[in-house]
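Below you will find one chain, with nothing else, as structure tokens; this is the form predicted on its own, and questions on how it binds or moves follow later.
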């Protein structure tokens, strides 16, 4: 059996409920194409956005998380569900196809979005490579955070029931 070592994340100044979250523009990847889409435009079109900052594509955590989100059927005409990960658009497309995901994924290879949200996580044993700390932000059309969860340690999974309750309230 593999040994898991819990890693406590340092404190962060990430946005909290009621704060404005940083806007950004990155390629938003679907199974068929990608295009640069500002978060603000996505939020205004949908009404709300659930941003899911997740670990590297193809890792066990990512596979489990997206399966759970898909099975819970998150998202509606009023709430867009999107991921934010450090993979290139081509890798996101392969991931979406292989996992049969209905959710688009923002491609952020430089991890700049996570830096702006203050949720950067340096990968253990990989010099110069960082990814977003696991986090979920539910934001309204004005980019105000209605719900926030940010992992305090690694590995930690989102509180799915709590997030589902927040989605129901939005």
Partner chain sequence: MADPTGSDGDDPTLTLYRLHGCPYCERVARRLERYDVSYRSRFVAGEHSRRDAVKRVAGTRSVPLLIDRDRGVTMPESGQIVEYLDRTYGTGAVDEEGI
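Residue numbers count along the first chain shown, from 1. If you're wondering where the values come from, they're calculated on a predicted model, not measured in any experiment.
Unshown form predicted together with its partner chain; subsequent notes refer to it.
Answer with one of 56, 145, 42, 120: the residue that has a non-hydrogen atom within 4.5 Å of its partner chain in the model of the complex. None of the other options qualify; the answer is 42.
Answer yes if any heavy atom of residue 114 is within 4.5 Å of a heavy atom of its partner chain in the model of the complex; otherwise answer no. No, residue 114 sits far enough from its partner chain in the model of the complex that none of its heavy atoms falls within 4.5 Å.
Touches its partner chain in the model of the complex: residue 72 (any heavy atom, 4.5 Å): Output for residue 72 is no: heavy atoms all beyond 4.5 Å of its partner chain.
Tell me, yes or no, whether residue 77 is in contact with its partner chain in the model of the complex, where a contact means a heavy atom of each within 4.5 Å. Flag for residue 77 set to yes.
Taking heavy atoms and a 4.5 Å cut-off, does residue 94 contact its partner chain in the model of the complex? Contact check for residue 94: yes, within 4.5 Å of its partner chain in the model of the complex.
Stretch 11-32: residues contacting its partner chain in the model of the complex, 4.5 Å heavy atom cut-off: Going through 11-32 in order - heavy atoms within 4.5 Å of its partner chain in the model of the complex - the hits are 28, 30, 32.
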